[in-house]
Structure formats: structure tokens, C-alpha cells
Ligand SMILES: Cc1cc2nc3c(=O)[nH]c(=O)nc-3n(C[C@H](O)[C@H](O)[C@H](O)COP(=O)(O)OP(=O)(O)OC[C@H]3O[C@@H](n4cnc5c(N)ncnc54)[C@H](O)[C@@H]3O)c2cc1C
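Starting off, we have a lone chain in the form predicted on its own, written out as C-alpha cells.
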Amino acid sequence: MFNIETHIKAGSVQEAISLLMENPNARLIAGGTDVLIKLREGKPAFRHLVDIHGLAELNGIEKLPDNTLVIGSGTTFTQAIESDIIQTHIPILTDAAGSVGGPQIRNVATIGGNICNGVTSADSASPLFSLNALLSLQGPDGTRHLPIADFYKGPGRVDLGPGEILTAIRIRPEDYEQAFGYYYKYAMRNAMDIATIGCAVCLKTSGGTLTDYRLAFGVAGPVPIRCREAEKAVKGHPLTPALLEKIAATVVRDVNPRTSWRASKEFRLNIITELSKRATKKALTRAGEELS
């Protein structure tokens, strides 16, 4: 039995913002796959709900005339998997979407909800970090755009002000054109499990050289992270087997995994170094490159 005191269905984003401002204790619910779990656990912070499920303003995936990709925050993971735009331009997000739960979860869970939970294990987070995603946040004072790397403030905490709603995720053309990526999720079970480590790689090559490299992890720290030291160390590196060893040797400087009941810190470090190599190799294969 869910202890819900108030549940109001918003007819628009603007109405949802007004409802949040009228009741500062209210929380948003879209797909509900995480909120309902918290309610079942008796979390009092989720007793007042503003429902934005199915709002047309928050749904859909489009490519703008300037080639910017825009993903509505209410887009489900199934919609992301089936999108020709995502499959063609950023298949790394197809990888991530396909790793989320089972079909029933993917049919209702939204990308926006996955990000706004603020958890480091969110499967969509590290791929979006590697794509330099910009988040559109709409509130009572208008809309602001924030890099996803600045959105996470700590475990379960994100940069959403009073009445603000994540409305869209934007990927700029310079961050995905001629870029190839791959998302690799390691979990203790093959299906419907939270990531022990999630690794996302996005790269560009030219003339046998790595010209751009973005490496991001989930569950390698309290929030999803970019591995800036490793990225800097290998940019401009020739496409040889030594590239993978350089990445693995450097990435440990960027991460800070913890021991939990799922895995020890030492085990996670081992997985991090291995996944950084595997995901890079998969991304290079998508780019039509071989290490020689």
C-alpha cells in the first residue's frame, strides 16, 4: 500500500512548475519506476506527487536544423532504443537504454527520471557525460542550460532549483558528429540488475591517431564522472595496442570507487581498468579502426 497524501496530474510543464511552487514538499513522478519503490519503502518525502507522465512537451526525439539532437526528458528507454535518430547518430545511448532493467521497466522508465535521481549507477548518465550533454531546466524564472557534468552535486543530489523541471537533453553536433562510442555495463546478473560499474567511451580518430577521447564511468565515485587525466594522457596517441594499456594505467587516477555489498573497491578498480579497454576497443571497431 502506497502512503500518498496528494497526487495531482499536471496538464502542462508550466502547470507542473506552478504546482511545485505551491507545494515545495511535492515531488515529480513520470515513469514512477523509482518513485514508487521509495513510496513502498515508506519514504515520507514522496507522499506529495505532481504527475508529469505523458506530457507531450516532454516527449520525443528530434534533430534540429543546426544538427543538435534533442531528447525530451519524458522519453522512455524503449522509445530511445527504437529511435532511428539515436540509432544512427548516438548508438552509445541505445547501448545504455537496452541495459536498463527488463522490457516492462524500459517501457515506462524515462531518461529524465534516470538522470534526476542523482544516482551514480544510472545507465544513461555516463554515456551522456561522454557526449557532453546539455540539460534544459525550466523553472519559474525561465529556462537555463547546464552541462550534465555540473548537474550532479552528490549522491542523490542534483542541481534543480525550486519549481525546476528537466525538460530536455541536448547533444551538440560537434560532440557526436564523426564520433563513435560504446557503453559497457558490468553487473552481477545479466538482466535487471544495477550496474556494478558502467563505462562509456566516445572518441574520434584521424590518420591512425586518437584525436578526441571521452571516458566516463558510473559507480566509480559518488556521482558519474569523466576521466580527465586518462583523456588528456591519450589524446593524440597512435592507434596501437599500447593505447589500451595507457588508458588502463591512467584511469585509476580519476576514479574513487567504494566497497559495498555488491563489490569491493579493489574488484571495482579491476573492472574499471578492464572495461576502459573493452569499451575503447568496441568504439574503435564502430569507427572502422583497428589497433596495429
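Every value quoted in this text rests on a predicted model; they were computed, and no experiment measured them. Position 1 is the first residue in the sequence shown; the rest follow in order.
There is also a form predicted together with the ligand; it is not shown, and the following applies to it.
For the chain shown alone, Gly31 is a contact residue for the ligand in the model of the complex, at least one non-hydrogen atom being within 4.5 angstroms. Not displayed here, the ligand is kept clear of Gly198 by more than 4.5 Å at the level of heavy atoms in the model of the complex.
Among residues of the shown chain, Gly101 is one whose heavy atoms approach the ligand to within 4.5 Å in the model of the complex. Among residues of the shown chain, Asn117 is one whose heavy atoms approach the ligand to within 4.5 Å in the model of the complex. With the partner removed from view, the residue among Ala109, Ile169, Leu210, Ala80 that has a non-hydrogen atom within 4.5 Å of the ligand in the model of the complex turns out to be Ala109. Contact with the ligand in the model of the complex, judged by any heavy atom within 4.5 Å, is made by just one of Lys235, Lys63, Lys246, Arg27: Arg27. Shown alone, this chain has one stretch from 202 to 210, 173 to 181, 140 to 148, 101 to 109 that lies within 4.5 Å of the ligand in the model of the complex by heavy atoms: 101 to 109.
No member of the trio Thr94, Tyr152 and Lys277 reaches the ligand in the model of the complex with any non-hydrogen atom inside 4.5 Å.
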